[in-house]
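Heads up, the chain below is alone and in the form predicted alone; it's given as structure tokens.
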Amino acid sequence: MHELGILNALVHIIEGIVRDENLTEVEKIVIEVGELSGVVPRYIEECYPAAVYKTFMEKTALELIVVPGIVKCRGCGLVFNAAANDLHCPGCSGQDLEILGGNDMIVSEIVCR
């Protein structure tokens, strides 16, 4: 489970931003997790309390947005959600896929007081 390590690094990065910008408390962070990112959203939610425990972000809310893994089949050109189709093209059953979106994890918002 690498999600705890990702969150620990994220807390450290946000701490630096808050310090550098002379901000106060962080109310909420919004994280977008792509279905094809290799990061498990449920694990992010489960690990979050441990990652922020006894840090300046202990009372910070987490909002998690799951971004669909959209791909294009190189065989027939069909664009579809890869996770919903078990990484097989519903048009031709091909697996030669070009990722169009949903393969990353992004902190899209940091809400401070």
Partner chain sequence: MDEFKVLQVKKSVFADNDRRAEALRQTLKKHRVFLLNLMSSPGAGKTTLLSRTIETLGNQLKIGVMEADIDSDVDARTIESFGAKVIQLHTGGMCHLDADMTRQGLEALGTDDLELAILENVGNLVCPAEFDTGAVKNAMILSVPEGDDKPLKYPLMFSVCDLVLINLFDVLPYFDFDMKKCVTNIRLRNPKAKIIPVCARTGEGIDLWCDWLCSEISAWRGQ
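Note that the structure is predicted; figures quoted are calculated from it, not measured. Positions refer to the first chain, counted from 1.
Beyond what is shown, the protein has a form predicted in complex with the partner chain; the following relates to that form.
Against the partner chain in the model of the complex, would residue 89 count as a contact residue? Criterion: heavy atoms within 4.5 Å. Although the partner chain is absent here, residue 89 would stay clear of it in the model of the complex, with no heavy atoms inside 4.5 Å.
Mark residue 15 yes when one of its heavy atoms lies within 4.5 Å of a heavy atom of the partner chain in the model of the complex, and no otherwise. Contact with the partner chain, no.
Is residue 100 close to the partner chain in the model of the complex, meaning a heavy atom pair under 4.5 Å apart or at it? No, no contact at 4.5 Å.
Flag residue 38 as yes or no: does it have a non-hydrogen atom within 4.5 angstroms of any non-hydrogen atom of the partner chain in the model of the complex? Heavy-atom contact with the partner chain at 4.5 Å: present for residue 38.
At a 4.5 angstroms cut-off on non-hydrogen atoms, which residues of 95 to 113 are near the partner chain in the model of the complex? List them in order. Sequence-ordered list: 95, 96, 104, 105, 106, 107, 108, 109, 110, 111, 112, 113.
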